[in-house]
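Below you will find one chain, with nothing else, as structure tokens; this is the form predicted on its own, and questions on how it binds or moves follow later.
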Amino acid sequence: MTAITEALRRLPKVELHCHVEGTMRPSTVVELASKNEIELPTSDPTQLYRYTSLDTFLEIFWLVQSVLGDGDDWARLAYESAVDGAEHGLVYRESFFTPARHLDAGQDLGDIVAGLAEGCVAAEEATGVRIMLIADIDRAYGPGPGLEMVQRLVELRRANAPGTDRVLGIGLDSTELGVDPTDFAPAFELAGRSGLRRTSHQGEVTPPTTIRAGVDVLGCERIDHGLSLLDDPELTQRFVDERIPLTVCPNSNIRIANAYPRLELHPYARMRELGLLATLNTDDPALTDLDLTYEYRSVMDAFGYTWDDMVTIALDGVEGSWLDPTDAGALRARITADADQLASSLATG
């Protein structure tokens, strides 16, 4: 590992767009499938991790999701996810989980949240990484189940159920094509009234009108992916002026959505040139053979960024987060101090 790659690995990082199910180790997929009597098409799940579109990726994502049978499985997943992230400088993550398929199969949302929280606590004790949660609505199940999930989450929070203090907000993910995001407005309106933060996946394979709907109809405070935003200059300028965060996943957009043939053609650099608060994230790292070190190093190389540019990107992750001002300030100070030390080692190395 080169000195700059090692420095990027050690640079403290925030991640705002990562699906916990998409961090599942291949060995864990196999072991949980055996435990829960789920038949896999192969004993090596990595053979399945090749995608031609978002929807073909989702077929594998749903298969991986299916091996999570109980709260203990969710706890193991959360623990391993955080430990693996810590190896690549992760210090804070707001992690998505998408429970629709499990709720449909009879699991209880309270058990899922409690399991995730248990794993997060164990990982924090082991690594110091702080993990918070975002409950994602699965578009494929429609607005009715989405609203029911939010209603149940609100009930659990009011009852101070285990782990619910870690659930910061809700999101909207899964297939984008043929789905009107405004259909989910009642669920997002309830979430907002109940003090939950709001984000949604928009514009990965859909036009900027869906991004506008995300902020204007769903009340989202940030947008996940948002690739088509630049097709609407007026909306782009609004995002710049209002500092609405984008949680961008450049390598995922290539490996999952096949949106660009190579990283150099991704609009990430253009987003940042225009002044957008475009954060850097992995999305589903275990299903795409990614990690935060690779994400940072490949983006640095593709766009000719300097060390200072990468530190700014790390700091922008803090700005885009839902941390309170005190915690955000402390994390910015930590990143800056560690970055200065790493820069000194690079200069003398």
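Sequential numbering from 1, following the sequence displayed. This structure is a prediction, so every number in the text was calculated from the model and none was measured.
The protein also exists as the form predicted together with ligand HPA; that form is not presented, and the subsequent description refers to it.
Q: Answer yes or no: in the predicted complex, does ligand HPA come within 4.5 Å of a heavy atom in every one of F57, S174 and H201?
A: Answer is yes for this spot.
Q: Using the partner position in the predicted complex, report whether Y296 sits within 4.5 Å of ligand HPA, counting heavy atoms only.
A: Judged by the heavy-atom cut-off of 4.5 Å, Y296 is well away from ligand HPA in the predicted complex.
Q: With the partner left out of view, is R93 within 4.5 angstroms of ligand HPA in the predicted complex by any non-hydrogen atom?
A: R93: no, not in contact with ligand HPA in the predicted complex.
Q: So if I measure heavy atom distances to ligand HPA in the predicted complex, which of the stretches 43-51, 302-310, 281-289, 23-31 falls within 4.5 Å?
A: Residues of 281-289 come within 4.5 Å of the partner.
Q: Going by ligand HPA in the predicted complex, which residues of 212-232 come within 4.5 Å of it through any heavy atom?
A: If the 4.5 Å heavy-atom criterion is applied to ligand HPA in the predicted complex, 212-232 yields only H225.
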